[in-house]
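Next up, structure tokens for two forms of one chain, structure 1 and then structure 2.
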Structure 1
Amino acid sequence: MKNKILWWVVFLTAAAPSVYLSIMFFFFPRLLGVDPVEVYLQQNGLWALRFLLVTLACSPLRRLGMKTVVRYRRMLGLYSFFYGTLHLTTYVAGWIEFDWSLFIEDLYRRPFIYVGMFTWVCLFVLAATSPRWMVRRLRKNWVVIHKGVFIAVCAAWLHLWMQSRASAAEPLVYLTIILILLGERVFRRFYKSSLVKPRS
């Protein structure tokens, strides 16, 4: 019972930014900003990155004693894909307005666009292989495929970094968080493993 309530709390909290942004975008666009499409585009993209970071924080948090968080890891990862898909859809429908010649030009001329597309493809593969039956079916391959989350987070950050042109402040905040999350894993693998003997 308690778990069920917690599940809903996590589910609705994670959905809240998209609900807020979408209500504003569709009903009060001018309150979102002078260029509502730009704000909607950027905010959904940022939330995709944020959820990727929260997903990556789950297993370190479990090791710190917060055992339940890992139960929501899949959901949080799927939310990252959800926000990433909103971001991509806004780019295609709202930003370039289905102008496919502009899309093709962007794809081969603008590195930040193809890095962004690559990030979305990574998230898509992760999301598509996330159901339980896929985990069972893919077995050891699943573990390998889902190492792809580390590629996705680096690509997502690169996509943000490539667009910063006046100040590095915001991307550096995200980089710090990423380095902590990845650094913890590297530390555990190469340093701690030499101290503690593996269990099997």
Structure 2
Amino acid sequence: MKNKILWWVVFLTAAAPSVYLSIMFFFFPRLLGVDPVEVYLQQNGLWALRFLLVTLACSPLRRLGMKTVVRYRRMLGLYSFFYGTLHLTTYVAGWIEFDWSLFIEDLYRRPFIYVGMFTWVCLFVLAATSPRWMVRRLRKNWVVIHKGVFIAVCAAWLHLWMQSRASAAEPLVYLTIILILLGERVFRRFYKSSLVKPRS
């Protein structure tokens, strides 16, 4: 019963930003500023990156003794895909309004769109292979495929950095978090290798 309640707490907490943003966008758009579409677009993209980082943080947190967080890693990863899909949908429906000539023009003028589309494809593959029956079916290949989360998080950060105009401070904050999460994994691997005694 406790685990079920905690599951719902995590689920609803992860859903809260999308609910809040959607209410503001559809019912109180003026409160989002001069360009509500841009704010809605950017915020959903940021939440996709944030949930990717939280997903990557699950393994280090487990190694620190917080073993419970791993139970929600799949859910958090799916939320990253959910926010990424909201980001993409907002771009197509709200930003270019299904104007494919404008989309082609954007591809020429804004290279970061390529990176964003690539990131979404990575998230789609990770989400599509996340169900338990896919884990059983793919076996060892599942592990290989889901290492793509590292590619996805780097691509998501690059997408953010390429379009940051006013300040590089926010991308640098996220880059620092990414380097810490990836650095922990690299350090742990090399540390374990150093503990293995070579055979004489």
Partner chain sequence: MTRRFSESENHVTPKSMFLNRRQIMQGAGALAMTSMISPLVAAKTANAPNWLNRKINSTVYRSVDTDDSVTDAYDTQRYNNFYEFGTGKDDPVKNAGDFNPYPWEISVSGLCDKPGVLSLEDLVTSSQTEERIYRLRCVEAWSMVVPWTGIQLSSLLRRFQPNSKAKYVAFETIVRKEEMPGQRDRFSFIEWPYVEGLRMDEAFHPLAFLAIGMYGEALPVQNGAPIRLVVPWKYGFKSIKSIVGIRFVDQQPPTTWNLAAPREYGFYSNVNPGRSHPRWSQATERRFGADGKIDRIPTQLFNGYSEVAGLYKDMDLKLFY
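Residue 1 is the first residue of structure 1, and the numbers go on in sequence order from there. Superpose the two forms; the largest set of C-alphas matching within 1.5 Å is the rigid core. Predicted, not measured: the structure shown is a model, and the values here were computed from it.
Structure 1 or 2: which one is the form predicted alone? Looking at both copies of the chain, structure 2 is the one that matches the description.
How about residue 73 - superposed on the rigid core, does its CA move between structure 1 and structure 2 by 2 Å or more? Comparing forms between structure 1 and structure 2, the residue 73 CA shifts below 2 Å.
Rigid core fitted, then: does residue 104 show a CA shift of 2 angstroms or greater between structure 1 and structure 2? Comparing forms between structure 1 and structure 2, the residue 104 CA shifts at least 2 Å.
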